[in-house]
Structures are given as C-alpha cells and as structure tokens.
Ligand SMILES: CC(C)(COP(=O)(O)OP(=O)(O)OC[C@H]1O[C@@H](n2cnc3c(N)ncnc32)[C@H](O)[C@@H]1OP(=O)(O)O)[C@@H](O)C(=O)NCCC(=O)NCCS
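The chain below stands alone and is given as structure tokens, in the form predicted on its own.
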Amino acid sequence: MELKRVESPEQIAAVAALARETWTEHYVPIIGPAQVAYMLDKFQSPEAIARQIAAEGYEYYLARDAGYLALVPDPAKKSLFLSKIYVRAERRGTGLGREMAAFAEARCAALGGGELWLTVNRNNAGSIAFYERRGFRKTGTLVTDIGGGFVMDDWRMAKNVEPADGPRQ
C-alpha cells in the first residue's frame, strides 16, 4: 500500500469524490440520505478538506483510488485523532483498512506516542468490530450537534501507543 499525503487541489478533489462514494454507500443505511448529504457538504467537500488541511491541522492521506484517511495531531495532549478512514466497498477485506489503521498507529508513535483515538457511529457495528480487532476500546459516548438539525451519536474509542523510540520511562 502506498499512501500519499494530500496537498494538491487534484488530490483534494480525489478525496472528496471518494468521500461521496464511500459515505453514500456506507452511511445512508445508518443515518439516512439527508444527513449524509449535509455532512459531505460540511465536512468532505473540496473546500472543507482544503480548509481542514490549511487551517485546522488535518493530515489527509490517499491510497490511490481505493481509500483515504485523515489524522489530526495534538502534541499538547500527546494524542492523535484518527478522524477518517474509508475504503471503497470493492477493496474492503483486502487488508487496506488494516494497513491504514497501522499507518495511523505508526504516525502516532512517530509523534511521540500517546493516545490514538477516533469516533464511530454507535450503530456502525462493522466498523466498531474492525476497531476493536485493532485494539481500540470504547472510552465514552459523544453526541455532537453538527447543525442543520443533525447530531452525530458516536462512541469514542482509543488505544495507547508507545513512542517510536521505545516505552516511556
């Protein structure tokens, strides 16, 4: 697997297109088409992704045309937020998701270790099971008003990651 850091407008457009495809296929059955459309526009449009990269500290990575992930380092808290990890339906079960999760863990270790955490819809059983197999544990619930009359009803999941240079003393 080759992950490329997203920087160019073309890469941003590719991520937005992948988001539209994967979110529509995966989330419409869970949260409905209206909330999916709202969230794509608010969080995964080319403009939103460009803003996240330029002003909000996001690191997006693209796995060719197969998937993408987004990470948000927080050095002050010694944590890394795994904001997004999505794989096209035809590539699920091939190990790509595992490799992207391992990449996030390695990135957390390279940044000094600490907590690698994420949020996942509480009704997204397949993704929850995927994260649990990767060593994540539920640490709480989050209900977040995202505007437009919509909320995200999520589990917060996390795991501890040792720094790349060895265990902390």
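Keep in mind it's a predicted model, so treat the numbers as computed, not measured. Just count from 1 along the sequence shown to find any residue number.
In what follows, reference is made to the form predicted together with the named molecule, a form of this protein that is not presented.
Not displayed here, the named molecule is kept clear of residue 51 by more than 4.5 Å at the level of heavy atoms in the model of the complex.
Heavy atoms of residue 93 reach within 4.5 Å of the named molecule in the model of the complex, making it an interface residue. Although the partner is absent from this view, residue 81 stays clear of the named molecule in the model of the complex, with no non-hydrogen atom inside 4.5 angstroms. In the model of the complex, no heavy atom of residue 42 sits within 4.5 Å of the named molecule. Remark: of stretches 118-126, 53-61, 104-112, 135-143, the one touching the named molecule in the model of the complex is 118-126 (heavy atom within 4.5 Å).
Using a 4.5 Å cut-off on any heavy atom, the residues of 15-54 that reach the named molecule in the model of the complex are, in sequence order, 26, 27.
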